[in-house]
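Let's start with one chain on its own, the form predicted on its own, as structure tokens.
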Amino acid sequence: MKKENEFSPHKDFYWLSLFSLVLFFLVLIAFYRQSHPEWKKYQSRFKSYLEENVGREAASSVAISVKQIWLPELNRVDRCISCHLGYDRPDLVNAPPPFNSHPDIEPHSVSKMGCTICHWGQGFALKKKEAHGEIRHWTEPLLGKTMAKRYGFDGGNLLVQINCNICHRRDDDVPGMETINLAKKLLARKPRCQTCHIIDGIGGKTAPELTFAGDKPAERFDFSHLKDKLIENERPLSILSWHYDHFLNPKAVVPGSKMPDAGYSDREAWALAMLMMSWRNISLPVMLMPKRTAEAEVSAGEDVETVGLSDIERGKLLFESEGCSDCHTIGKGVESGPDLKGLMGKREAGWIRRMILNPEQMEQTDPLAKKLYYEFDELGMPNVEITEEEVEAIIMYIASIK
């Protein structure tokens, strides 16, 4: 009688042969894929395009090989040019993607700056999906037309402005950065962000510092009050979306937020959201540091012009320019802070002076200042760093309004 597990050479040979054939075909497929990578197909198509539209000599000059730009100063290797082969050829400006030339944006140079410092993507990858960063756990996907459409934008290169501002952060008006330029103008408008937030070392401490807001990881954002809306609108669940909705309606995204609703338009909210994404702590080599004009340097260091004004006029100008009017009115009711009409009859001049010059210490040690701090939802006064002479001018202006 034959045992159930008895060795059967014919049966085992059949299965071993079948397994060997499957393994052989898998090896053939792997070998084919390895010898016919995606980038080789693009380069073959590029040679054919050149031969048909430029000439055989131009086509024969293209060697089939991996091409890359090595940028040791930026710690990057960009192999995008293995497929985007016409990037440095002005005669191919009208060629179909990815063979068309890169726009000439002086003084920017692809050979010196590479691709991913501006466009993002995974520079060392050689497959389209991976190179465009359309994979899990890659936090810098290509900022191109596909990504722009996900946010409802028509402009293919709109999101690239985020990375433009990494270098041009100190420049107020840069050609080609119209959306970011708008955001910078909004920063100086009431209510000013620096009333509560520290930006570049200046501002209040009642809200998170925003100097390098773009470095804040996604794990530190609360999407619980936003997730359903983003899914419904088919918009990416991303930090950019969070900032956009937060600027439009702070309390809807962060219930209990003390941030005022500034009434931003849709375009303004996107502009500010992109600005937040651009504020990153990245060490730039000297070659990427833009040269600011002398005029820009002078305007950046200028104070509010008060020459020839009376003390009261000067105080009014300072009251508005230093952000006092972002929270306080004089005779128009309570806003984020107390109405200051009649203040001189309620408080001593010395108390007001100390409150303006050193608000944090006053809110910690002075009973009245501490009471006001809690009365206004712990929205403390920022230290605006002004001189005693300027404080006197502001006090005179407040006292002048009866």
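Fair warning: this is a prediction, and the values are worked out from it, not measured in the lab. We call the rigid core the largest set of C-alpha positions that still match within 1.5 Å between the two forms. One rule holds for the numbers: they count along the sequence shown, beginning at 1.
A second form of this protein, the form predicted in complex with heme C, is not displayed here; the remarks below concern that form.
The partner is absent here, but in the model of the complex a heavy atom of 177, alone among 248, 312, 230, 177, sits within 4.5 Å of heme C.
Checked against heme C in the model of the complex, the candidates 216, 184, 89, 235 yield a single residue with a heavy atom inside 4.5 Å, and that residue is 216. In the model of the complex, residue 139 stays away from heme C, with no heavy atom inside 4.5 Å. Heme C is not shown here, but in the model of the complex it comes within 4.5 Å of a heavy atom of residue 355. Although the partner is absent here, residue 62 lies well away from heme C in the model of the complex, with no heavy atom inside 4.5 Å. Of the heavy atoms in residue 54, none are within 4.5 Å of heme C in the model of the complex.
Taking a 4.5 Å heavy atom cutoff to heme C in the model of the complex, the contacting residues in 114 to 135 are 114, 115, 116, 117, 118, 119, 120, 121, 122, 123, 125, 126, 127, 128, 131, 132. With a cut-off of 2 Å and the rigid core superposed, residue 33 has a Cα displacement that falls short of the cut-off between this form and the one not shown. In the core-superposed comparison between this form and the one not shown, residue 42 has its Cα shifted by less than 2 Å. In this overlay on the rigid core, residue 369 has a C-alpha that sits 2 Å or more away from its partner position between this form and the one not shown. Relative to this conformation, an increase of 3 Å or more in the Cα-Cα distance between residue 275 and residue 386 is found in the model of the complex.
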